[in-house]
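Next up is one chain by itself, shown in structure tokens, the form predicted on its own.
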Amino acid sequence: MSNSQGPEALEISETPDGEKTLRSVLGAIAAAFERNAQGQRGGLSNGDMAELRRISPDKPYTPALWRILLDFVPDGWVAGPDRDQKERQWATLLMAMAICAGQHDPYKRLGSALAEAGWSELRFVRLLRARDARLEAEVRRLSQYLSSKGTPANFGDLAQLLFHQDGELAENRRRQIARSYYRALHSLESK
């Protein structure tokens, strides 16, 4: 896999030849957020974290966003004629990760995390149906909710939701998230 491919071509796994994957990039960003929380070197500044948490559909571009994109995200992932859209999607993802700093868990599916945190089915359906600016607003709500509950989640699943909004691949990603949500919900209701 080449770094010149867009996020739609990314698999959530490490490659044996050390190329960056969505999983490895999100892991590195989450580690930088963790270092900030622990006051360690190599982390982001408190100002950068605050900028990221304030990202909104009206103001998606901040200096912190550009620094993270340049430091962590391969250029080819945001290149192309839809560059602005890709950068906005990354901005939304980074806003959510900053709000939930310390809660990225690549082994905890987003759907099951939402169900276990008590995210209502109505909100969940609204999230899966949302696109573009509406999806950005839903992502802010879910990240604030997960943060308030202290529930870890795989932000790779959230990235897939943002990066794939139309077409068959988007529907596949949404069904994967739905399966984990309803499986966890069923398990909770069966107890």
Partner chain sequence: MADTRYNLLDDALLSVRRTDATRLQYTLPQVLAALADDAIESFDALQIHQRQPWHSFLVQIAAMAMARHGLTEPPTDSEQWNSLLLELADGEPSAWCLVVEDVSKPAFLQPPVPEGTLKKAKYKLDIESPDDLDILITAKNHDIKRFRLVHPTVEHWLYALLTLQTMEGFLGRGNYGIARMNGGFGNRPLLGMTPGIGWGARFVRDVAVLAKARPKLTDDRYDENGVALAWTLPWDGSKKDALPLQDCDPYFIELCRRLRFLETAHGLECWRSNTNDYRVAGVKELNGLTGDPWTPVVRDKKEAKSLTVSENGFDYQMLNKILFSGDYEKPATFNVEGIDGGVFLVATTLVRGQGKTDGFHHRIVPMPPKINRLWSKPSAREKLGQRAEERVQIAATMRKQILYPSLCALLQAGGSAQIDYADVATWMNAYEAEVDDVFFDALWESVDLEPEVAQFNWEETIYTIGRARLEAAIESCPLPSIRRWRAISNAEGRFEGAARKFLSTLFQPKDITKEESHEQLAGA
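This structure is a prediction, so every number in the text was calculated from the model and none was measured. Numbering follows the first chain given and starts at 1.
This next part talks about the form predicted in complex with its partner chain, which is not shown.
Report task. Could you tell me if all three of Arg129, Arg179 and Glu189 have a heavy atom no more than 4.5 Å from its partner chain in the predicted complex? Result -> Contact check passed for all of Arg129, Arg179 and Glu189.
Query raised in the report: Counting only heavy atoms and a 4.5 Å cutoff, which of 30-38, 119-127, 53-61, 146-154 contacts its partner chain in the predicted complex?
Result: Only one stretch passes the 4.5 Å heavy-atom test: 119-127.
Query - Distance check, Ala184 to its partner chain in the predicted complex, heavy atom within 4.5 Å - result: Ala184 lies outside the contact set for its partner chain.
Query raised in the report: Does Arg174 reach its partner chain in the predicted complex, with heavy atoms at most 4.5 Å apart?
Result: It does: once its partner chain is placed as it appears in the predicted complex, Arg174 has a heavy atom within 4.5 Å of it.
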